[in-house]
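One chain follows as C-alpha cells, the form predicted alone.
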C-alpha cells in the first residue's frame, strides 16, 4: 500500500560468470576445500555454547600458531588492517611515540593509522629490497625511546622477510614494546612469539592460512597486557581489546557480548587452523621453504631475476621478480590470467611498476603449482617478446 512512496526502483541484478583462478598473487590465495565446506555451517547466535566452543578451539589453536602461552589471544572482525589498528591503538596512546621500521607499504599503513590517532609516529626507512640491521635499530631506539617499535615480519609488497630473533630483547632494553605484522608470513615462515619477545602480533586468514579475508588473529604478551590494563586512553570501541577479551572469554570467566562476529568467519578460521594443526607447524614451514626453493630454481632456469638480492632476505610465501627491460608489468599479469588462468600481481607501494609479486603459499604450496606458475611465466615472457617484434 506504500508503493506510491517508492522513489527508487529495485535494480535488476544479473548473474555474473566468475571463473575460478589459480590465485598466486600475494593474497588472497585459494582456500582449503574443507574451509569452503565450513563456510556453509549454520549461523549461530553470538551468545550460544556452539559459538563459544568454536572460539575456544580458535584461541587454543592461535596459541599454537603464534607459539605463545598468553591468554590474550583472539580474532578481530575485519581483514588484516583491523588487526593492525587493534594492536596499535591498544598498545600506544595518543602523543606517545611509535618507531616504525619502514621498508614497504604495510609499514606506511601503520604510519598512516598511528598519525590518525595523534600518535607521534617516527618512520625509520631503508631500501625496499633489504631488511633491518639490529645495530641501526638500536640507534633509533636510543634516540627516540619509543613506547613501541612496529615492524613487518614478512612484507608482501617487497618480498622480504625480517629476522626477529633478539629484537624483542633489544626493544625491552629501551622500554619499548615490539609490535609485529605477520599477515603474509604466519604459517609459511617460522614465528615464535614468546621466544622472540614479541609483545603484540596480528595476522589474517587470506594468505598462508588459506581462508577468506574477514577475520584477523591477534595476540598480546604479558608486558603488553600490563600496558593495556593500565592505559589512560580509550581505543576505538570496536577494537577495544579489554572488551573483546571478555567476549572471547580469554580469562575463562566472562562470555560477555560485545558485537556480532560473523559466524561463517568463525567457522572458516577454525577450519584453517585445524588444517595447520593437522599438518603441524614444522611440516608446514618446511613445505613452504622447499616449494619456494624449487620455484626459485625454476625461475632462474628461465632467466628471471629477483628483486631481493640476498637469499636470506627473500620471503618464502611471496616472491618479487624483476622483468627484463621493455616488458610492461600490467601486460604481463594480464597475459598470465587470460592465457593460463593464473593470477599474479604487479608491485604495490614502493614496488609499483618495478616487480611482479608471486605467492606460492597455503593450499597452493605444492611443487605442481610452483611448476605451473614458473612455466606460465616463461611462456608469457616468450609470447610477449614475439608479439612485440
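Positions refer to the first chain, counted from 1. For clarity, every value in this text was computed on a predicted model and none was experimentally measured.
Below, we turn to the form predicted together with a small molecule, even though it does not appear here.
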Response to the item:
Among 316, 178, 84, 100, just one has a heavy atom within 4.5 Å of the small molecule in the model of the complex, namely 84
Worksheet, complete the sentence: Exactly one of 217, 154, 211, 188 comes within 4.5 Å of the small molecule in the model of the complex through a heavy atom, and that residue is 154
Discussion item. Tell me which stretch of 199 to 207, 299 to 307, 275 to 283, 86 to 94 has a heavy atom within 4.5 angstroms of the small molecule in the model of the complex.
Written reply: 199 to 207
Item to complete: Using the partner position in the model of the complex, report whether residue 183 sits within 4.5 Å of the small molecule, counting heavy atoms only.
Response: yes
Fill in: Proximity of residue 271 to the small molecule in the model of the complex, heavy atoms at 4.5 Å
no
Worksheet item: With the partner left out of view, is residue 162 within 4.5 angstroms of the small molecule in the model of the complex by any non-hydrogen atom?
Response: no
Fill in: 4.5 angstroms heavy atom contact with the small molecule in the model of the complex for residue 225
no
